[in-house]
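Take a look at this one chain, the form predicted on its own, written out in structure tokens.
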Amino acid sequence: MRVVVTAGPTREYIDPVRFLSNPSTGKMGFAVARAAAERGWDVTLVAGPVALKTPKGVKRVDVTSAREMLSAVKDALADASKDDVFIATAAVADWRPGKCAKSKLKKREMDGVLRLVRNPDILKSVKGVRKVGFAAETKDVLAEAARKCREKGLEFIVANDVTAPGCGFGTDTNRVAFIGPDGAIESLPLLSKLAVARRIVGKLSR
């Protein structure tokens, strides 16, 4: 089975030295790629700017922005079948600056207003394959995740509260719940991110 995994943050540049981003380290996505490769699946990992080693047996494509990530995902899934899988763990920036200055902006050139443009929704844009998403939330976690699962046509979504102890960006552990399009919830205890990744891969193998 072919699997494409996205991981890490994206960066949306304001000028050559400033950008909009988030604290994602890519650990969860890299763990998912590793777990899928352990199954012998054909894995492509599309990674934002992170400082992690590529898992054994995984093809890696490095990107920076959300639009670059979308392009790389579409390339990786260009001749995919309905049985192939897209697992979107990346923390993609929802917005980008309307334009990026060619040189560093000086304070006197900045008026305090940053005009933003919405980025494409990568998970929603991908069609014709099995899809799994992640919902990193801070409140109404299960309800928000269930809504995303329905709206984006997912096989299931992995929800977690990034403010909970031992969870979220940069940790080696996570406590998640799998939510299906019918609203069914499977809650997991606090586990290592690799253990969570193996549960995800196992669920896709059923």
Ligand code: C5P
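Numbers follow the displayed sequence, beginning with 1. Since we're looking at a predicted model, the values are computed, not measured.
In what follows, reference is made to the form predicted in complex with this ligand, a form of this protein that is not presented.
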Residue (of R175, K152, R34, R60) lying close to this ligand in the predicted complex, criterion heavy atoms within 4.5 Å | K152
This ligand contact at D75 in the predicted complex, heavy atom, 4.5 Å | no
4.5 Å heavy atom contact, P120 to this ligand in the predicted complex = yes
Between 59 to 89 and this ligand in the predicted complex, list the residues on our side with a heavy atom within 4.5 Å.
-> A88, T89
